[in-house]
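What follows is a single chain, given as structure tokens, in the form predicted on its own.
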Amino acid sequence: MNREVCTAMVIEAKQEKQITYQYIAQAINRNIVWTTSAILGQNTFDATEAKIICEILNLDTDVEKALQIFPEKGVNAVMPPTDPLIYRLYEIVLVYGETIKEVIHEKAGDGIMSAIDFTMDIEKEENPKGDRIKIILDGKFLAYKKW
């Protein structure tokens, strides 16, 4: 079974059983953001995690094996993005990307933020003027090597 078919089966079973990403994340003791990205095929579950997910969703061992396949990250991205939410995230980077880079360099030096040694959280904050969404990106600073 390929990863795309596996992802579709997991999402369909999740919807049928009305199970949330948060519920699955708690069942495997992982963060909701990481768990969701792995369900969508951008990260890999280990054997124990895959087994738990398949038990929760009543899916077979073919799905369990497919959940453990190393992903090809980002290959399904549509450019430019057409989904309004994803487009807005790109817009933020287009407008503020250079600013983010300059501030990181000023505060930490010449380097980058890792997307490998990385975590992310998404929070909803209720606000009388309209609810707010906070996306917290937390990546290790990697200085450029001099040689």
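All residue numbers are counted from 1 along the displayed sequence. From a predicted model like this one, the values you see are computed outputs, not experimental measurements.
Form predicted in complex with another copy of the chain: not shown, discussed below.
- Looking at Asp60, you'd find every heavy atom of it more than 4.5 angstroms from another copy of the chain in the model of the complex.
- Contact annotation for Leu142: at least one heavy atom lies within 4.5 Å of another copy of the chain in the model of the complex.
- At a distance threshold of 4.5 angstroms between non-hydrogen atoms, Asp117 is in contact with another copy of the chain in the model of the complex.
- Interface membership of Glu91, defined by any non-hydrogen atom within 4.5 Å of another copy of the chain in the model of the complex, is confirmed.
- Contacts to another copy of the chain in the model of the complex (heavy atom within 4.5 Å) from stretch 92-109: Ile92, Val93, Leu94, Val95, Tyr96, Gly97, Glu98, Thr99, Ile100, Lys101, Glu102, Val103, Ile104, His105, Glu106, Lys107, Ala108, Gly109.
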